[in-house]
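Provided below as C-alpha cells are two forms of one protein chain, presented individually as structure 1 and structure 2.
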Structure 1
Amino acid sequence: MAPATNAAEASSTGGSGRRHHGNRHGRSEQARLAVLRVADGLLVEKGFAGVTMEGIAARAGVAKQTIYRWWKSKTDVLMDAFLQDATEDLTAPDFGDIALDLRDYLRRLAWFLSESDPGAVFKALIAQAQHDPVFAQDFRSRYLDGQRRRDRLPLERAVDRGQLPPDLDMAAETDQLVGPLYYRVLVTDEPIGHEFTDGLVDAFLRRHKLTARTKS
C-alpha cells in the first residue's frame, strides 16, 4: 500500500497518481511553449549547426520524444518559434496618424530583423531555404502572407482614415518601405537604425504630400 502522503498527493491531482516519464512539464501546452521560448536563444548561442533536438529538449526541460510529437526537425521548431515571435512583436499599434504609425512600425521591424534573437533565427531560416526547396516553399507560405498583412496594416488604416487614397498601390508602397530593411539585413549588413527608417518614412510622406510627424 502506498504511504499516506503519496495517497494524499494522488488525491490532490485527481486521484490518478499517474506520472509523466522523462518530461516534467507533461504533454501540455506548457511544454510546447517552453520549447519555443528556448529555441531562438539556443540558435544565437550555438549557431544553426550547433542546434539539435536533444539540445533544445535539454534546455527546455522536456523529453526529446515530446518534441518529436510536435516537430519533425529543429528547422520546424525554429520556424514555429520565429512565427510566434513575429506575431507578437510585429503587430503595429495604431496611433491614429500614418506618419507616427510608419515610424513606429519600421523602427520595430528594423530592431526585430537586426538586433533580436528572432532576427537571428530569420537569417538562419533564409539560409536554410536556399538549399532546401521544400522548406523554402513552406517558409514562404507560412511566413510571407502573414508578414505582408502586418506590413500593409499601417497603410490600410491610413486609407480607412482618409489620409491616403483608396487606389493606393499597396504592394508597391509596402515594398518601398520595408524592402530596404531586408536588403540591408540580408545583403549589405549595413545599419538600419532610426535615422535610416525615419528617412524611408519621410520619403513616403513626400511622395504623398503628407506632413511629417515625430514620436518621441
Structure 2
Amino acid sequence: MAPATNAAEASSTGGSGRRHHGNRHGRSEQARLAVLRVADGLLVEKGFAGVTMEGIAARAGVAKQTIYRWWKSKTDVLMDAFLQDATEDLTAPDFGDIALDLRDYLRRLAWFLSESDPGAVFKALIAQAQHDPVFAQDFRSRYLDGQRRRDRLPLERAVDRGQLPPDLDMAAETDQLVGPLYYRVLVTDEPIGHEFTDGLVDAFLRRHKLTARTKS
C-alpha cells in the first residue's frame, strides 16, 4: 500500500521529526494533506464518480472518521483541494491598458477552465452546485465571489485610469466578457483559442469605442 510512502513524503515537509499520527496535539496536517492530494488524484484519474469517501480513506491511509471530522462531504473535500490549488492564480496583470489586461486575463482564464487540472475540479464543483443549493452557496462564498472580484479588476482599473466611464455596469460587462468562456467550457465543449478570447476583447472595445493600443 502506497500510503506508507505518501505519509512519509507528507511528513518530510514538516521540517524536523514532528510526526504525529494520532496524538493530543490537534489536527494531523499529514492526514489533511494526504486527503486533499488523494481526492484530487482520484478525480483526475477516475472521474467524479470514482471519488468516494471510502476510496479517499483507503488510498490516503486515513480513517473515514477523520475525513468526516473535518469535511462534510466528498465535494467539500474537493472544494478544499481546489481552493488550495487554485486561489490567486487568476489575477489579471496590470499592463496599464485595458485591452492588454483583458487580452491576457481571458487567455489565462480560458486555459485554466479548459486545460488545467484545477479546471477539471472546478467543473466538477460547478456540476455539484447544480444539484445541491447548499453546496452552491458555499462554493460561491468561498470561491466564486472572489473570482468575480478578480474578473472585475481590469475594468475597475480602467475606470480609475479614465479609460472607461465610472457609471459602467460592471456586472453586466464582466458577464459579457467571461460568460462566453464558461458557456463554451460547460455547455458546448468547443475549444477556446486565442482568436475567441481576443474576439471578446475586441467586441468589448468596439462597443465602448476604444481601440487597442497594441495587437498580439
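Predicted model only: the values in this text are computed from it and were never measured. Quick note, the numbers are simply positions in structure 1, starting from 1. Basically, rigid core = biggest C-alpha set you can superpose within 1.5 Å across the two forms.
Only structure 1 is derived from the form predicted on its own. Superposed on the core, the two forms differ at residue 61: its CA moves 2 Å or more between structures 1 and 2. With the core held fixed, residue 49 shows a CA shift of 2 Å or greater between structures 1 and 2. Residue 151 is not among the residues whose C-alpha shifts by 2 Å or more between structures 1 and 2 once the rigid core is aligned; its shift stays under 2 Å. Aligning the rigid core between structures 1 and 2 leaves the CA of residue 36 offset by 5.2 Å.
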